[in-house]
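A lone chain, given as structure tokens: the form predicted alone.
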Amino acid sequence: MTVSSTLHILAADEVLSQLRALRATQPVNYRAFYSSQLGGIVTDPALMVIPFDDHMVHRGHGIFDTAGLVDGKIYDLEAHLDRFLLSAERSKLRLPCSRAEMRDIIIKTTAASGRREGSIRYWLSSGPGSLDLTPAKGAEPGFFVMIFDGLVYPDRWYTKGLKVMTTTYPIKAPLYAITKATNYLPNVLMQMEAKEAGFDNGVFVDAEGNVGESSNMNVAFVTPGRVFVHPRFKNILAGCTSLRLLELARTLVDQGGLAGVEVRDISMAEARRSREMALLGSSVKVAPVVQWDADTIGDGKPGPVSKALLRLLDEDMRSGDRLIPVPY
């Protein structure tokens, strides 16, 4: 950033020009953006903005969620909306409209983007109007929807597996962990710490020494007895992908690939002895972990259960019963 000796007061057309110049130097793959504050959809990334005094910006009083877009269909939107509404209630956020209207806005914004593959992220804020702690009097909640190309992870995560570390940052208090709020500072710091130390990601551990979650992903394991185990959702976010994978894993039990499926507390000691470990999430899907701190997980290679779960999830995302066609 260059600061001139004289600061210029910008006119409206100059502001727009500068916003477009910013996007020219920082290319993004944002395809369409709905804003209840603007009252419609924009496709120019320079116009995908919200007021600086929106409480989601300067106080973190907002929530979000993300659904996948696969082959022109939205995957598992109803489950994500269920969680979105629970997060709104826990955050004392007013809804700008009904669930059905929000669902319709999400679908129509997706159609306006023209994208058939990618991600759909949507937010709810308490609105603009002051820099105080509590929402401004008469502030209208903001609802925003973004269609973008999605997060991309290295191929080696799936072919060779990734490495994680036990983070030095404390796990979130339960209320904040189970609410998908926009305040992700602990998550950001954990991932930054991991990358600085030469790892791909980190893992939270609770005060009792039980496994929590990763930065923006859940964690699951396969025990030496071939049981697929996932931490209880009392202190971590109930990942929609994790919940679906717990259902899909039953298929592997029926096929003999797993001996069972369990959701319970998992100590670090037990986790380190597991045959397999994986990160689960809507963008990462199922990514095998082959090293935790200095310990090798299993034989140090992506395991068969992780590969099978990834295949089942991919099939479910393309031909399952949780798909909503987009009317392009």
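Each residue number is its position in the shown sequence, starting from 1. Predicted model only: the values in this text are computed from it and were never measured.
If you look for the form predicted in complex with a small molecule, you will not find it shown, but the lines that follow are about it.
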property	result
is_contact(Ala287, the small molecule) in the predicted complex, heavy atom dist at most 4.5 Å	no
Contact label in the predicted complex: His80 to the small molecule, heavy atom within 4.5 Å	yes
Contact test in the predicted complex: Ser87 vs the small molecule, heavy atoms, 4.5 Å	no
The small molecule contact in the predicted complex: Pro128, any heavy atom under 4.5 Å	no
Ile147, Leu124, Met217, Val203 - the one with a heavy atom within 4.5 Å of the small molecule in the predicted complex	Met217
Partner-contacting position among Ser91, Ser119, Asn187, Asn210 - heavy atom within 4.5 Å of the small molecule in the predicted complex	Asn187
Per-stretch contact check against the small molecule in the predicted complex, the hit in 256-264, 39-47, 278-286, 299-307 (non-hydrogen atom, 4.5 angstroms)	278-286
